[in-house]
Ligand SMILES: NC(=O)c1ccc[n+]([C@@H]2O[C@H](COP(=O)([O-])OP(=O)(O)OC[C@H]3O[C@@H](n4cnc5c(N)ncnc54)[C@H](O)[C@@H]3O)[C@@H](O)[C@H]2O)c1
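One chain follows as structure tokens, the form predicted on its own.
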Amino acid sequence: MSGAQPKASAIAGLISVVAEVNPKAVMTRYQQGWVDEVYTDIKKLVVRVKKAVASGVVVSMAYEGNIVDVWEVFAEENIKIDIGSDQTSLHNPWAGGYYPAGYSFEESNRLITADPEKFREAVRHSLRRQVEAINVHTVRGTYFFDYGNAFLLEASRAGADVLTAVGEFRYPSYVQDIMGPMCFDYGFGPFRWICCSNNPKDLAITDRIAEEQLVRLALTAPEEIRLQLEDNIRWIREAARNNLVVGSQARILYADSEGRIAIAGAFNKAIADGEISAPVVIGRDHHDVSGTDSPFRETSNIYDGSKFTSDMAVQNVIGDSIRGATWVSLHNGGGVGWGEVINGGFGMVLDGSANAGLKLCMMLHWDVNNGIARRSWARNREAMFALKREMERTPGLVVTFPYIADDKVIDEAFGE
């Protein structure tokens, strides 16, 4: 169970339910304030959900138990689920990435080592049950998407009813339907920073600076990206109030290259002026515009065949290192499992120097636009828009555009 989902749902004004079989994980998230309420009795959970829906009160609930039971019982109780997903670590299905329904947390852990084949069959059976329940909900109007952690892949291997008549997954990766066209193709992704002082006052200053820069950019932003900017302005304004810091004084928000450069540049100036007391390290999630090649998740909305190659992440790391990143990393695995993904990452120390200011402009520009170019070559409409805008905004930037073929011309040429 991640704490991000219930917290994000609360910020967005939703009623949410997450399930987790590990009692310690549930209690940790509850004590840290990531989830509002915890239930161990599914009947009480049902009553609470119905009450919340009737009243419209925003609340995040954690169920200490198996998500399969939640899907099935909610179907029996005719509880309407608007949006559903599964973030189980099914890229590691046989060693604790997925706990089967019908077994306690302790029983599952014992079976993993004592009777691995029985555990595997229990997982497969549970996946078939889970998909069957999800299918009931989607027929009733639920929008279900795959987070990309191999849920649909392993469910199909288990014989679950998750494939279409032509053998494709019945449900999309959320990058295909949501993150790709709304964010990644426009260059928006998770930009991060950490205050080296570990002083909450410095974090508050960075929040204010980030908000100021986003508000400024939103004034002249085209309609296509105005909503993304407004969402992140709301996010950064409410970040401190939602107590999101657990360890380091760090923050994350979605921004494009223009936004990242503006925010990082303002941080660097504030450090130079002594407004921020110590250096700030900037970075990003691997789950971003150009840092990851992952055909079942991050690049799943790239349909020209190149989603199965790892050139984007490699070029990203090489370009970042040449342009001044403090450190870079290139690794296999992470998020969706070894063999399924190549991730490229970076870190950059902003120390208030003019040199850091120069490097951040060069590196962040490449780090984002490398991915936009790739997505544009795949003929993604949003990426083509973003690339054209970036070329108009940045003198000297020249990237080839794809030629969009007319299907009628091709059909006529081949006599179809």
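Nothing here was measured: the structure is a model prediction, and the numbers come from that model. All residue numbers refer to positions in the sequence shown, first residue = 1.
Missing here is the form predicted together with the ligand; even so, the following discussion is about that form.
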So which stretch, 234-242, 142-150, 159-167, 340-348, is the one near the ligand in the predicted complex (non-hydrogen atoms, 4.5 Å)?
142-150
Heavy atom within 4.5 Å of the ligand in the predicted complex - residue from R124, H137, R251, H287
H287
Considering non-hydrogen atoms and a 4.5 Å limit, which listed residue (P200, P116, G333, G97) is close to the ligand in the predicted complex?
G97
Would you check whether the ligand, in the predicted complex, lies within 4.5 angstroms of a non-hydrogen atom from each of A19, L90 and Y174?
yes
State yes or no: in the predicted complex, is some non-hydrogen atom of G65 no more than 4.5 angstroms from a non-hydrogen atom of the ligand?
yes
So in the predicted complex, does R260 come within 4.5 Å of the ligand, heavy atom to heavy atom?
no
Could you list which residues of 288-303 come within 4.5 Å of the ligand in the predicted complex, counting heavy atoms only?
R297
